[in-house]
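One chain is shown next in structure tokens, namely the form predicted on its own.
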């Protein structure tokens, strides 16, 4: 076992541990911060595997955009930041389903590859990966950007208490005149 293997296992353990903490904590903001740790460990795994472009995309898109969007949505909607009683549900159904899905995927992968050696393709360059992304995958990227924009606008609308109130948009009407 090489040093890279040990580092991959350690970073994988950090990612799995923080992923478990994301779904088991009762604090919404802490769940977002544990998600940052999990996604950062995955980015470090990509660096160990010498996929620098994928690692930076992981940091920029997921850690830098999605988690920040989640935390802004929590702050703008004035959701409860501390421990929340509505997050206190029994964990055994989720553990049962998660364990079943994990075992099913493991059986599927073992059956599909049967411990055979898989030939790896040639290493990709940033130019080749960028060309593939912006030729074949440009539509999903644009759809994702519109979805993130809609989520941000929705969070802003939900955070404004004056939107949706009767008479809120009429000129000349103030709070004192009601």
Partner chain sequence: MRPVIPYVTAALLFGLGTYGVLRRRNAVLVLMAVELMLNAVNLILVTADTTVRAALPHSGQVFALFVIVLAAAEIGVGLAIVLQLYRLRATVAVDEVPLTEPSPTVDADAREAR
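Residue numbers count along the first chain shown, from 1. Worth saying up front: this structure is predicted, and the values here are computed from it rather than measured. Rigid core here is just the name for the largest C-alpha set that superposes within 1.5 Å across the two forms.
Just so you know, the form predicted together with its partner chain exists too; it's not on screen, but the next bit is about it.
Remark: residue 146 does not count among the residues lining its partner chain in the predicted bound form, judged by a heavy atom distance of 4.5 Å or less.
By the criterion of a heavy atom within 4.5 Å, residue 64 is excluded from the residues contacting its partner chain in the predicted bound form.
Shown without its partner, the chain has 105, 106, 109, 110, 113, 114, 115, 116, 117, 118, 119, 120, 121, 122, 123, 124, 128, 129, 132, 133, 136 in segment 104 to 136 as residues with a non-hydrogen atom within 4.5 angstroms of its partner chain in the predicted bound form.
After superposition on the rigid core, the Cα atom of residue 52 is displaced by less than 2 Å between the shown form and the other one. For residue 153, the Cα coordinates differ by 2 angstroms or more between the shown form and the other one after the core has been superposed. Remark: with the core as the superposition reference, the CA shift of residue 31 between the shown form and the other one stays below 2 Å. In summary, the C-alpha positions of residue 140 and residue 64 diverge in the predicted bound form, ending up at least 3 angstroms farther from each other than in this conformation. Compared with the form shown here, the Cα atoms of residue 52 and residue 123 move at least 3 Å closer together in the predicted bound form.
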